[in-house]
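So here's one chain in two forms, each on its own in structure tokens, numbered structure 1 and structure 2.
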Structure 1
Amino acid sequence: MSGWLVILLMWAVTYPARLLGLSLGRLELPPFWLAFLRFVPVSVFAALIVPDVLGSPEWARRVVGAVVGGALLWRTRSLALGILGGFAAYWAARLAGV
């Protein structure tokens, strides 16, 4: 099968998923499902973070970066400071041989 055809098929299974969710906003939902949607970001973000930190071959350094970044975010609520501080801590750990 030619490369561009495979790519277009990949598009054909990705775009509808994105459109479907955006198209369901006017549904009248019971409280349980409204609570469900409130917790989606909490659970999705945690699922994106933890395997990327603990599942990485350099997990120890990333834990250092995540702990420092998380603490900064908690205290300052500044995204830029959290990312920069966490990245600096990661590099400090890496240079220290962690």
Structure 2
Amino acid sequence: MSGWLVILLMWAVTYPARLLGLSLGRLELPPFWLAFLRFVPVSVFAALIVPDVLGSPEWARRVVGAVVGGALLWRTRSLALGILGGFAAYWAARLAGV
């Protein structure tokens, strides 16, 4: 398969999806759908993080880091502080032999 054909097929797949997303910006959605779409990033984030935390052989350390990072993020609303705190808790648990 040639490179140009691959690029053309990738365009044919992605362009209509992006065009649909941009055209939805002009619609006024009912409150139910607005509330539903507000939680999509949270559920996608949880679907990405939970298997990595619980499916690892070092799951105990990762749970400590995730809980501390999540608590810092919830209390301070600072993403950077949540990430740094989660990593610090993970490494502290690792040094402590958890």
Partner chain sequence: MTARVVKHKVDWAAFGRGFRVMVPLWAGVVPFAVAYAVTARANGLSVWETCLMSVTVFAGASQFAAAGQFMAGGVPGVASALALVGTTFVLNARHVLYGLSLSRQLPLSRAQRLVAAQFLTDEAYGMVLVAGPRDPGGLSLGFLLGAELSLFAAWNAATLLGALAGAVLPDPDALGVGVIFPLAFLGLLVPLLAGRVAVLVALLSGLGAWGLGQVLPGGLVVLLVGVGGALLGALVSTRAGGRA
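By rigid core we mean the largest C-alpha set that fits within 1.5 Å across both forms. All values derive from a computational prediction rather than experimental measurement. The first residue in the sequence of structure 1 is number 1, and each one after it adds one.
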Quick one: identify the form predicted in complex with the partner chain, either 1 or 2.
1
Is residue 19 one of the residues whose C-alpha moves 2 Å or more between structure 1 and structure 2 after the core fit?
yes
Residue 92: Cα shift of 2 Å or greater between structure 1 and structure 2 (core-aligned):
no
Once everything's superposed on the core, is residue 81 shifted 2 Å or more at the Cα between structure 1 and structure 2?
no
Aligning on the rigid core, one finds that residue 31 shifts at its CA between structure 1 and structure 2, in Å, by 7.4
After superposing on the rigid core, what is the C-alpha displacement of residue 9 between structure 1 and structure 2, in Å?
9.9
